[in-house]
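What follows is a single chain, given as structure tokens, in the form predicted alone.
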Amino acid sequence: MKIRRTKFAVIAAAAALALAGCGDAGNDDSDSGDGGGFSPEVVKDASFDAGSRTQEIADAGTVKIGVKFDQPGIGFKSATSDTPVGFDPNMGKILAAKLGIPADKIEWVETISDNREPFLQNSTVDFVIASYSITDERRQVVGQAGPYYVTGQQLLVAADDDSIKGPDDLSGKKVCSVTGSTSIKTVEEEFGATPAGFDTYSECVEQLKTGSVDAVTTDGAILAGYAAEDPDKLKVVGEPFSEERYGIGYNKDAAGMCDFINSTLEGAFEDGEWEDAFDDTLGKGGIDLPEKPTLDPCP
């Protein structure tokens, strides 16, 4: 297991890596056939319950995982790449490896915020790992295990805009986020913003660049990726004003799935794979390695 990086080391590297690192997160220039440099060891878990959905996926030798395609550093697929790259796809590779499935046998399915629950309910995918904040409301209809990452909501504005410095400046402002996200609900209900919902964050960023909206809001790690790609036009402002706990979604009827996911995450925390998955993506953009989160107990 690697020794955890100190904050000093991250700060020292951030200036050199922020732009290049987040840009790399959205471009597949690697020679690796799985679409990125991170490749966990494939060691099949031997503790699956006979007849369980986990066992069925392992026996099939392939798995469908829903991820975002438009979030640099988190989940991004360029027009020239066959596979997405980012922290979420890396976490998907860890899960697949525990099922005995190598990265080249994963079927990546583009998943936007508004279709995550339907994809799980209809078994369009086996897992959703798509900056999927855990909420009580979502857990009424789907399973969510984790969290594997904790971040916070922030704001992206035009680089020359000094009128918005934090969420308290959003009253009457037009703020964009994706339809179905917790972020757009928060700025509307708690800060009086006028919501503008789109299917993807890339669309929101384009709306911001043209002046059609005043700000874009979602988790800070996502916004940092966009700002690093175009620092002359975009900047992240304010401190985080929410806690977003990323979970791994699964069909609520899949018995034993939560225990499998949490067991896999615990193992990844302990053996260094979680840290490697982070360093390979968000860490390259100068984002400090967070503390290992405490997993929620399975129902």
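Note that the coordinates shown come from a computational prediction; the quantities given were computed from them, not determined experimentally. Residue numbers run from 1 along the displayed sequence.
One more form of this protein should be noted, the form predicted together with a small molecule, which is absent from this view; the next part is about it.
- Checking Lys174, Lys105, Lys209, Arg138 for any heavy atom within 4.5 Å of the small molecule in the model of the complex turns up a single hit: Arg138.
- Proximity to the small molecule in the model of the complex, defined as a heavy atom within 4.5 Å, singles out one entry of Tyr132, Phe127, Tyr226, Phe87, which is Tyr132.
- Looking at 77-85, 190-198, 110-118, 159-167, the stretch with residues near the small molecule in the model of the complex, meaning non-hydrogen atoms within 4.5 angstroms, turns out to be 110-118.
- Although the partner is absent here, Thr182 sits close enough that one of its heavy atoms falls within 4.5 Å of the small molecule in the model of the complex.
- Although the partner is absent here, Tyr250 is not a contact residue: none of its heavy atoms lies within 4.5 angstroms of the small molecule in the model of the complex.
- Although the partner is absent here, Trp274 lies well away from the small molecule in the model of the complex, with no heavy atom inside 4.5 Å.
- At the 4.5 Å threshold, heavy atoms of Ile222 reach the small molecule in the model of the complex.
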